[in-house]
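One chain comes next, on its own, written out as structure tokens in the form predicted on its own.
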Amino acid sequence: MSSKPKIILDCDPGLDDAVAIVVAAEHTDLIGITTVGGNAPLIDVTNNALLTCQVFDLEVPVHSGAVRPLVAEPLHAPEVHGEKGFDGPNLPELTRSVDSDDAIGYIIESARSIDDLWIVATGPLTNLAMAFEQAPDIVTKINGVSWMGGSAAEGNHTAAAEFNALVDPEAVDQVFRAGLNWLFMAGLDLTHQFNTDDALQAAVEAIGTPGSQMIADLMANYLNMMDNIIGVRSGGLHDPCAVLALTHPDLIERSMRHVVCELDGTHTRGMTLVDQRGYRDGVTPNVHWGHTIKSDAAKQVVISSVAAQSGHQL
């Protein structure tokens, strides 16, 4: 019997989501992939998830989900990932199709029928919030949620808010208040310690397979974008951190904190406020806040995962 965690990966690919898919394929029992509008429109991120599965020959069902946030207007990040989320590679023709357009129903059905299920979310939390609202029984049925999003310090899309949180703060608020058994937050303060750079891009490209080339080309495009935006060829490889929190917990230090998401602030909407006072009377910690990652070891997990899933053993 496999000791790998059973997960659904809820994502909006993007480079780092694609890497998260590959790491999950290698180190988890990847039950299924659900998509949500975020880095790019839903149709594009869904196609990107399908392309990742196709190029890496992953037999994983893909279900498309929420096209827009619960309340806000859709928000995307073409300046980081390109208009369709996968700028950079010469991509093959897409031959795969979605298993359904009902990601919320798929999450609910899976949570009710699969024991010991985890959900790893690497995009806005819209699908999860909708699933929890429609089926409150699954909140404590699943083992927990590992989310890449938020920040205990500055944001990236605004001064206060990280992108995934800003896209759908109402969904973050609902998930954080749902009463989950376990909730992990891989925020920017963690993920900015885990950067991709030219050396990591070269190491992935050197694997020499179609899958590794796709990831390397996505990395090269991302580095060019970061160079244009901040003048440095380096940027957070955010989303794999949410997978590693389950598969390689020894690589990430965490602390229990109470975290809330700001919904109304003129300058702070989407901010995740991490109460650094620790345990105080009347304050109940609700989140495992990841704050330190062993970056070099985590990069080796990424490289070896891409190699293994490409059929090339290092």
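Note that residue numbering follows the sequence shown and begins at 1. This structure is a prediction, so every number in the text was calculated from the model and none was measured.
What comes next is about the form predicted together with a small molecule, which is not displayed.
The candidate spot formed by 16, 164 and 188 is fully in contact with the small molecule in the predicted bound form: every one of the three has a heavy atom within 4.5 Å. Not displayed here, the small molecule is kept clear of residue 35 by more than 4.5 Å at the level of heavy atoms in the predicted bound form. Proximity of residue 125 to the small molecule in the predicted bound form falls outside the 4.5 Å heavy atom cutoff. The small molecule in the predicted bound form comes within 4.5 Å of no heavy atom belonging to residue 215. Proximity of residue 156 to the small molecule in the predicted bound form falls within the 4.5 Å heavy atom cutoff. The stretch among 127-135, 98-106, 173-181, 236-244 whose residues place heavy atoms within 4.5 Å of the small molecule in the predicted bound form is 236-244.
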